[in-house]
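Coming up is one lone chain in structure tokens, specifically the form predicted on its own.
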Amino acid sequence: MRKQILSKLALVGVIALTAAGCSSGDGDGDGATPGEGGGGGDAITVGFAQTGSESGWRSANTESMKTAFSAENGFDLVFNAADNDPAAQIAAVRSFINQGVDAIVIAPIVEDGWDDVLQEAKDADIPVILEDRTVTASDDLYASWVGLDFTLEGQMAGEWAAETFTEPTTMVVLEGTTGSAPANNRADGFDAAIEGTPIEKIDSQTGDFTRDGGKSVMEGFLQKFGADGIDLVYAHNDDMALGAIEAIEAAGAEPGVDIKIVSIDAVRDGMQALVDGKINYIVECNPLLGDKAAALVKAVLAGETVDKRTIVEDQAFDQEAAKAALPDRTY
């Protein structure tokens, strides 16, 4: 099947990936489910291992990927969402290898633990594209990565905090999934940006990028420190920030006023909260990576040289910028 695909791609002259600027289905028992609308024998069969459906960002990312890897675009997608279980995600990738797919796309839940299965894909001559998140495995085990600069996102959020808070400030952090690239890098970027400022991080816990997780962790922070003991919340994504808003309001305080909030993602619900004054600043993490990932797959299978890293540019929003952007927001 691979030779037939490469021949077809060469004949039609697949367009090379152009330079660029950060879930929904469920797998079956063997870790994968066929994508909708098979593309037939000439289609490029791609296995996509998604993290899960933990947030609004992830749902938008999944939709972007399914649209890009559609039958209409010449693909037969085999989709799996691992419900944020790293072992289940690795099992799904092994299932893709056993099925003999033409290429594999992975949004890794965590950075570590990928060496063996990526080597198995390489031994099977199946190229791997990383999407959204990164891994600590050697970069010769995958063809390319497309995503966002998580460290820069954290830095941008931290720079806003450093400029905004010039007096002693107490801050709590809602971390993303432990061990994930965005959680690690957004923490590093933010911490570097506020170094030497009067902002004091008094606690930091994971909310697993979920709204319920953010609410639960924030409830614990409020019980521990009281609303008067917290000046700032740094949330690694909008869903956790939205959960924190619920907890703050339930405690009788006013989010965005009594307790300021800075977040990352810029999904519609988060942007609306920014417009409403409940969040104070948001750094974007663009989830619409499907077209770039699909272009990478076609280019790699055509034997073309591709960049090892493709970084999509992010924006940042205060309340006025959010008001201007929200009407045309697609996610």
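The model shown is predicted, which means the values in this text are computed figures rather than measured ones. In this text, residue numbers run from 1 along the sequence as written.
What comes next is about the form predicted together with a small molecule, which does not appear here.
The partner is not drawn, yet in the predicted complex one stretch among 66 to 74, 268 to 276, 53 to 61, 295 to 303 has residues with heavy atoms inside 4.5 Å of the small molecule: 53 to 61.
Using a 4.5 angstroms threshold between heavy atoms, residue 285 counts as touching the small molecule in the predicted complex. In the predicted complex, the small molecule sits beyond 4.5 Å of every heavy atom of residue 207. Taking non-hydrogen atoms only, residue 182 approaches the small molecule to within 4.5 angstroms in the predicted complex. Taking non-hydrogen atoms only, residue 133 approaches the small molecule to within 4.5 angstroms in the predicted complex.
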